[in-house]
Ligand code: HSE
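Below sits a lone chain in structure tokens, taken as the form predicted on its own.
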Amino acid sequence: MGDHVRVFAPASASNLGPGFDVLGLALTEPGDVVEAESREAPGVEIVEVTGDGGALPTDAARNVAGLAAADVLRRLDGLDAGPPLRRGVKLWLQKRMPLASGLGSSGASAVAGAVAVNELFGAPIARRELVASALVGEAAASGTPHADNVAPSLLGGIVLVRSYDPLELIDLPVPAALRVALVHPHCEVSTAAARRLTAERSYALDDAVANLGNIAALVDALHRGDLVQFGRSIQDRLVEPVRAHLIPGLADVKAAARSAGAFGCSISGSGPSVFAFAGSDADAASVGDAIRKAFRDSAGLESDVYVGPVNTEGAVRLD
């Protein structure tokens, strides 16, 4: 057992067009950091949250990092052969990404909390099993335990959630040339509110069939490294039409991405961030600049742009 650990958990882009709640990928930046230390008293204490502007609670029972950490402690106690050791931890959460951004902010905090506590006690729980603990925090933030953010943030790469009960995750191939341009306009969309929109909607069978075809084609394209087909498969006829009005200027943004050479473009999670794919760093940078300009011209919004490969490491211990 170490006395102190720090863990970075990256942001993520989820849904990837047609894959509502079942597809996601890890980004290289931004992300959150959780520091963990053991303490004599059992349970979880959150000492401080920084970078959130005072928006997040330090009550561990209401904070996603604290909830995920508490679930890891519960699992660790279950591993003991004798009476539970009743472990305790202190956490410091550093928010290094915007809230309500569509970047998996709550998921990154939950992942960092879960991984930090596991590392603090010698990492006896396998990485894939920690996804379930991170989901405890994610469910508190969004109202449902969806894994399309926490799984790639924890494991890295592009992840397909084949099943939730039981939880089954499939790692998809990441083509070497694939680059992501992720643009976060300076506005917010509540994940819980966006999910209510989808829950209250009925969907046509034709639209469901279209999404099924695109998911299958997307998976096939990744296995063959066909970025053109991959981009063509980034189409969503179910969720994006319901949420489009939440993202100012979305139609112009997508048109700008296509004109700049993007293979595909859609809303990241609940938004307002959008992602687009390209085949090189230079092309991804051009696409990101085009999207940023479109947000400015169409909606008067400034944006942050993140460009890079898919993060294949996931959450990492910093020390």
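Just count from 1 along the sequence shown to find any residue number. Since we're looking at a predicted model, the values are computed, not measured.
The form predicted together with the ligand exists for this protein as well; it is not shown, and the discussion that follows is about that form.
Site residues Asp32, Asn63 and Gln94 are none of them in contact with the ligand in the model of the complex, judged by any heavy atom within 4.5 Å. The single contact residue among Arg179, Arg87, His184, Arg243, judged by any heavy atom lying within 4.5 Å of the ligand in the model of the complex, is Arg243. Of the candidates Arg232, Arg237, Arg75, Arg195, Arg195 is the one whose heavy atoms come within 4.5 Å of the ligand in the model of the complex; the others do not. At a distance threshold of 4.5 angstroms between non-hydrogen atoms, Asp148 is in contact with the ligand in the model of the complex.
Among residues of the shown chain, Asp304 is not one whose heavy atoms approach the ligand to within 4.5 Å in the model of the complex. At the 4.5 Å threshold, heavy atoms of Ser266 stay clear of the ligand in the model of the complex, well away from it. Among residues of the shown chain, Ser273 is not one whose heavy atoms approach the ligand to within 4.5 Å in the model of the complex. Scanning 112-145 for heavy atoms within 4.5 Å of the ligand in the model of the complex gives no residues at all.
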